[in-house]
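Only one chain is included here, represented as structure tokens and corresponding to the form predicted on its own.
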């Protein structure tokens, strides 16, 4: 538990570092391995005040289990994702500028960059409009991403939610989502971006997921 608290607290600094959040908006959560619990940012606490000690622990129904602060206002959405996608170990939410601009238009980001094929395996889809406060947002995230290779969803008129095998992977997906959203936006100002053939997307995704980087010897 202590390690997860520390990791989740530290990862919020990456959201600030990459310019994905302003003020206290946005959050990271991480599932506690082997338990039906997750750690999430407290509501309304500024990023420079976050510590492992003031992270909060919730059960998979979003109920506060441990901590002196109220959990993030997005807790119900995170909890719904953890309940319904057991392979997910981390969830991130941001209102990053370019990705949220696509969300405001209700438009998926087309897969026109090899980096998108690598990380997301295709387009970054749009999820339905949903009001904050209950698990409606979580339902939209799960409905959109279940069976989809993308680790990011643009919730219409709202912002970005990303998932990953752990909190760090979900943060990476949020960083990459904003990066490609910006690049594809710029490309569209210059003309029509060229699509990548599905077979090539599949090859790129397979290579990045299974070959790229350092691999442990078997």
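Positions refer to the first chain, counted from 1. Because the structure is predicted, anything quoted here is derived from the model rather than measured.
Below: the form predicted in complex with a further copy of the same chain, not depicted.
Remark: residue 95 counts among the residues lining a further copy of the same chain in the predicted bound form, judged by a heavy atom distance of 4.5 Å or less. Though the partner is left out of this view, residue 125 does not reach within 4.5 Å of a further copy of the same chain in the predicted bound form, counting heavy atoms only. Although the partner is absent here, residue 62 sits far enough away that none of its heavy atoms falls within 4.5 Å of a further copy of the same chain in the predicted bound form. The shortest heavy atom separation between residue 105 and a further copy of the same chain in the predicted bound form is within 4.5 Å. Although a further copy of the same chain is not shown here, in the predicted bound form the stretch 14 to 37 places heavy atoms of 14, 17, 18, 21, 22, 23, 24 within 4.5 Å of it, in sequence order.
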